[in-house]
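We begin with a single chain expressed as structure tokens, specifically the form predicted on its own.
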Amino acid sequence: MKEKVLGVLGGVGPMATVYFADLVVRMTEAETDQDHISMVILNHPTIPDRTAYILDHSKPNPVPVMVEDARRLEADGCDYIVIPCNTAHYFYDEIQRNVRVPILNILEETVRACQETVPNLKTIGVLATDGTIQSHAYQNIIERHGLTCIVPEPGDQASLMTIIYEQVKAGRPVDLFEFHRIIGEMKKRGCDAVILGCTELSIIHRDANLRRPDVVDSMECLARSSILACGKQLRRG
């Protein structure tokens, strides 16, 4: 069987791209190098900021650059493409229209994972950037699955953006107390599951060793789907 190659349209942000590749390696059942997925990783951090453009269309548009990068991955022979950035999926349809290679959708994969792992799931909370929240990307998918979506109150959303942009992206220490407090507030409001819908939050999830079945890491969901799509096995245990 022909080996499947995964293309990673990365750099959005660069730390999240490295974390995604590390996750794929760690989550693959492998005894030798040859058991792992072949990946072409395009780490392109100068792609214009996704949230800035979603909130203000006078800002630089990231789509032309991302389409060019997707085409480059296609030309390199990739069988699937992933974008390890939740916010960038606001542009998913436009990017997918410009390439023949399937792009795995992190939003769809994460909501599906919630349904598979959280018993009696009715309400999902989403922690994400302002761009992701205001685009209603997660809300639309969650509601399409017959579930209710809750997003943070304005004050908590502002605090979350500080964590994402001024702490994780800036390489500064993260206020873990505040991060856990925001998750707690979402649970108090009735969320059966809370999605970490920003790849910078996935990095906190790893660093804080947060292992709660009701907190679902979108990056882990994308890594899992990538491994299976490329015909490899998930690591047991």
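Don't overthink the numbering: it's just position in the shown sequence, from 1. In this text, all values refer to a predicted model and were calculated from it rather than measured experimentally.
There is another form of this protein, the form predicted in complex with a further copy of the same chain, and it is not shown here; the text below is about that form.
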Which of 71-79, 151-159, 110-118, 91-99 sits within 4.5 Å of a further copy of the same chain in the predicted complex, heavy atom basis: 71-79
Residue (of Leu42, Ile54, Val174, Val67) lying close to a further copy of the same chain in the predicted complex, criterion heavy atoms within 4.5 Å: Leu42
Ser38: touches a further copy of the same chain in the predicted complex, heavy atom cutoff 4.5 angstroms: yes
Interface membership of Pro48, a further copy of the same chain in the predicted complex, 4.5 Å heavy atom rule: yes
4.5 Å heavy atom contact, Ala21 to a further copy of the same chain in the predicted complex: yes
Arg212, heavy atom within 4.5 angstroms of a further copy of the same chain in the predicted complex: no
